[in-house]
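As C-alpha cells, one chain now follows by itself in the form predicted on its own.
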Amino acid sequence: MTPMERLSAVATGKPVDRLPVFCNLLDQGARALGMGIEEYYRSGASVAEAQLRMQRRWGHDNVWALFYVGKEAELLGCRKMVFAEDGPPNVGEWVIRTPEDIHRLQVPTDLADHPAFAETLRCARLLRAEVGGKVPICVYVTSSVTLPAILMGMEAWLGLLLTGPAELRDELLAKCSALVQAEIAAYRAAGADIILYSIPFASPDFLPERLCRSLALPWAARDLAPGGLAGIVYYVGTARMEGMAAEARRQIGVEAFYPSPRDDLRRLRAELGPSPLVAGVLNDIELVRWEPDRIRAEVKALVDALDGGPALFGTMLMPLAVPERSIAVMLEAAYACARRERA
C-alpha cells in the first residue's frame, strides 16, 4: 500500500498491511543536504527535497511542508528570528509589547503573495508535484488562542488571557483567528492533506477546564469553521488532552487526535469512543539516551496500547540530537509491531 492508501484505509476502518507510521523529521533536513539551518529554511525547494530524501530513506508515511513555528510570527510583523545550528529557529523579538500594538496589528489578506510565506507554499506545491496522492503532505497551524504566546511572550499572554481587558483580548484573538483561517485556506490550495492544528491552551495542563470549554474551544471552532474539518488533526503539543478530548470533539467535530506522550492511550480511547483516529506518540526526546532494547520495548508498549479503533504510530518533533541509529531502531520496531498489530 502507498502511505496515503494506508492512512485512508485506517481512517475508514478498512484492512491495511500495517499501521501508518509518522516520523516527524524537520531540522534533520538541513543535515541531509549538508546545509546550515538558516540557509536551509530560506528555500522551499531545499525543504521539499530534504523531506523527499528522508521519506525515501526511512520509509515512513508522511512528509512536511513545515519550516518553523516562528514563521507565523513573521506573517504578523516579526522581523528577527534567532537561528541555531542545533535546533529550530525561534522568534527574536515580540510583535506585541503594548495594547496599541494589538490595535495596529495587520493580518495579511493574501498569504499566497506574502514574502514570509512564499517559500513555505512553494515547498507544499513541490511536494504535491512529487508525491501528491501517494504520501500525506502535513502542515502545522497554531491556533488563535495559542498564537499570541509567540507574539508577546507566554507571561504577557497569560495575563491578558486570564485577567483582560476582555475587549483587548478578543480583538487579538479575532485577528489571530483570521490568520489561522487564511493559513488553512492557503495550505489546502497548495496541496496539504493533513493540517496539524496546535492548541495547547485547550489542555487542562495550561488552563482550568472551565476556560478550556468556554474560551479555548469556541475560538478553535471559529478557526476551523470556514474551511471545514477535512484533514484536521487536533494536537495539544506535549500537554495532555485527556479529560478535554471528548469536549473538543463535541464542540468542534474533529475526528482525528494526536495526543501527548503523557496521555494514557487506553483512557483516551475510552473517553473518545471507537470511531476517531488516535495516534500513539512516542516521547522521542528520550531517543537521545535510550539504548536499542529500551527503544524496542517502548515502541511495542505504545503499539500495544493502540487498540479499540483507528490508529497510527507517531513521533513528536524529533530533536536534532537524536542519533540516526536510534531513528533506525525506532522505525524498524514500529514497522514490525505495526504489522503484527494488523495481523
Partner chain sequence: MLEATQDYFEAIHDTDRTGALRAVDEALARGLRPEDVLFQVVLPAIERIRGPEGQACASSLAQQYMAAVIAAELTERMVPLFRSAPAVSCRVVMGNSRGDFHGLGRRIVVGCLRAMLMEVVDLGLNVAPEAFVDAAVSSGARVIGISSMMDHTARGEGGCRAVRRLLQERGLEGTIRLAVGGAPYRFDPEMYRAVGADVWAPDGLSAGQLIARLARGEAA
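Bear in mind that the values here come from a model prediction, so they are computed numbers and not experimental data. Positions refer to the first chain, counted from 1.
We do not show the form predicted together with the partner chain, though everything after this point is about it.
Between the partner chain and the residues R210, R267, K134, R97, the one pair within 4.5 Å by heavy atoms in the predicted bound form involves R210.
Though the partner chain is absent from this view, in the predicted bound form it lies within 4.5 Å of a heavy atom of just one residue from A129, A118, L168, V82, which is V82. Contact between N283 and the partner chain in the predicted bound form is found at the 4.5 Å heavy atom cutoff. None of the heavy atoms of Q106 is located within 4.5 Å of the partner chain in the predicted bound form. Heavy atoms of G87 reach within 4.5 Å of the partner chain in the predicted bound form, making it an interface residue. The partner chain in the predicted bound form is not approached by G227, whose heavy atoms all lie more than 4.5 angstroms from it. Only one of 151-159, 216-224, 241-249, 183-191 lies within 4.5 Å of the partner chain in the predicted bound form by heavy atoms, and it is 151-159.
Every residue of the trio P204, R262 and R289 has some heavy atom no more than 4.5 Å from the partner chain in the predicted bound form.
If you take 303-319 and check each residue for a heavy atom within 4.5 Å of the partner chain in the predicted bound form, you get M316, P319, in sequence order.
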